[in-house]
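Take a look at this single chain, the form predicted on its own, given in structure tokens.
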């Protein structure tokens, strides 16, 4: 497995969001590995984006967004944890939200964590995928580029047709075309 390095994330969030499609999100749980193909993402553009958590500036909640690229920003919405990954330079608080995955490995454990049997119900949304992969607030600030991390993203050789749209589930900054997804993938939210 080739883990994505800091240089992959240390770029414009829009490019990172597109390039994450098709990569594998990997979660180590002891000797077991849960993984899924990233099939949907959204870019958040910091100080220039009213939908970004960092739009109002640096707070205790958002401080990881102002740090180096490739770190986990875990936040809650409607009682569910969501995973963003920091991008760009230090003090440029942009990120990419991982919106959906196609489950690949250890699906039985994902089903257990989600209390769902149907494959389609496991990871078709940002809160669902975090629950299915047992990603909680303890992952806040985790370096996803560290080979010893319990959560990271790896290369995947498949090619996909990328589609673009407005972001969903937000009220501000909706008009920006910053949501990216794999065309015709049944796990897109």
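This structure is a prediction, so every number in the text was calculated from the model and none was measured. Positions refer to the first chain, counted from 1.
As for the form predicted together with the DNA, it is not shown, yet the points below apply to it.
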item: Residue stretch of 155 to 163, 45 to 53, 142 to 150, 28 to 36 approaching the DNA in the predicted bound form, non-hydrogen atom distance within 4.5 Å; value: 45 to 53
item: Close approach of residue 86 to the DNA in the predicted bound form, 4.5 Å, heavy atom; value: no
item: Close approach of residue 177 to the DNA in the predicted bound form, 4.5 Å, heavy atom; value: no
item: Contact flag, residue 110 vs the DNA in the predicted bound form, heavy atom cut 4.5 Å; value: no
item: Partner contact for residue 15 in the predicted bound form: the DNA, 4.5 angstroms, heavy atom; value: no
item: Interface residues of 107 to 128 toward the DNA, as seen in the predicted bound form [heavy atoms, 4.5 Å]; value: 114, 116, 125, 126, 127, 128
